[in-house]
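Before any questions on how it binds or moves, here is one chain, the form predicted on its own, in structure tokens.
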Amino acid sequence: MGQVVVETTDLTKNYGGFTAVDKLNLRIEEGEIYGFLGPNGAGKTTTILMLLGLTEPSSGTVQVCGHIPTRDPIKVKRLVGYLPERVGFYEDLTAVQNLKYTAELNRLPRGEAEEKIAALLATVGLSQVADQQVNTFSRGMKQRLGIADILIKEPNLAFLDEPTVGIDPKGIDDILNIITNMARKGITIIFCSHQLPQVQKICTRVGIFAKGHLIVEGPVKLLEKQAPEEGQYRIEVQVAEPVPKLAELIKGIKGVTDISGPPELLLITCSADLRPQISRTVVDSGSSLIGMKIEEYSLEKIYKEYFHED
């Protein structure tokens, strides 16, 4: 078990008669990249506001980096970075000037700040535009600058809200690599995104929120097993000279929930990876097995299972 960076116990936030967050129990450890998922209105933003100390919980407890956010807001702000979905800078200042301002707010010595700013701009791929005004930057460039702005104060925890929206594929890969490297250096990341393949690619764990509740949490592999629909794997089987009863024989394998397609190309849904049992059944039947492909549940499919009624 690593050092706990975020911990909540029965954390609740009410607005009049509406409960935005209901008895949330959350534990996030150092160096994790934790994916915050859920539809709009699920309670994610309210949770983040409470973790940042920007709104008071109605009940329950919350600790961030060992501090209570509403009791020690200055200490929490020094240890936490936040990249909003639409990051704001002084548009008429250059990238360097914006970062110098942040360094001054965090009381970094001038010489140290200049070295750090140059290194961070190189890290996020903005060295060539360091002296350009931010009003000339694309959205992706501003997102990169926002990450550099967070890293200036060497935070223990960073909240990243949709950090790749509006960015080209190459830029997305660059930012995901930067985030992964942040975690490798011990920075804990809370990654809020609707880009589920990106979440699946870099997050160590995810939590899915709905109507103020954390309805499921864990590594994606574990969520595959917890998904509410039974079939979790789809196996494509290509067969030459299939015997007439092949589909019926495969359907008799324990764990097979559905089978479709023509005899030469069967699509099999099952609750586990049953390729050994399926291949044995095909061969034992006298049919010729040409090939098999498996498709595991992606995070997107798991997500849709939980919100298929929404």
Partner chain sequence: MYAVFRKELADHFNSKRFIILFALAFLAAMFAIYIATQSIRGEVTASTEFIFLKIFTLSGKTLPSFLFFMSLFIPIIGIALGFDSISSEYSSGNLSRLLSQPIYRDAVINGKFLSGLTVLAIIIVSVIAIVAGLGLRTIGVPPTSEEVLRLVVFALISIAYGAFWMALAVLFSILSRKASTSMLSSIGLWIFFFFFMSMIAGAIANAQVPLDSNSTIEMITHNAEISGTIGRFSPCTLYGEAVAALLVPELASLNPALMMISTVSAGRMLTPLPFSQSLLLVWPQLVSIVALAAICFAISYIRFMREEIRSI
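Numbering follows the first chain given and starts at 1. The structure presented is a predicted model; accordingly, all values stated were derived computationally and were not measured. Think of the rigid core as the biggest set of C-alphas that the two forms share within 1.5 Å after superposition.
Missing here is the form predicted in complex with the partner chain; even so, the following discussion is about that form.
You can rule out all but one of 196 to 204, 145 to 153, 113 to 121, 177 to 185: in the predicted bound form, only 145 to 153 has residues with a heavy atom within 4.5 Å of the partner chain.
Among residues of the shown chain, I208 is not one whose heavy atoms approach the partner chain to within 4.5 Å in the predicted bound form. Interface membership of Q132, defined by any non-hydrogen atom within 4.5 Å of the partner chain in the predicted bound form, is ruled out. The partner chain in the predicted bound form is approached by L54, whose closest heavy atom lies within 4.5 angstroms of it.
Among heavy atoms of Y233, none comes within 4.5 Å of the partner chain in the predicted bound form.
The putative spot formed by K77, V87 and L105 is fully lined by the partner chain in the predicted bound form; each residue has a non-hydrogen atom within 4.5 angstroms of it. Put simply, of T45, Q63, T269, T281 only one has a heavy atom within 4.5 Å of the partner chain in the predicted bound form, and it is T45. The contact with the partner chain in the predicted bound form, taken as any heavy atom within 4.5 Å, belongs to L49 out of L274, L49, I250, L26. Comparing the forms between this form and the one not shown, the C-alpha position of P57 differs by 2 angstroms or more, with the core used for superposition. In a rigid-core overlay of the protein, I28 has its C-alpha displaced by under 2 Å between this form and the one not shown.
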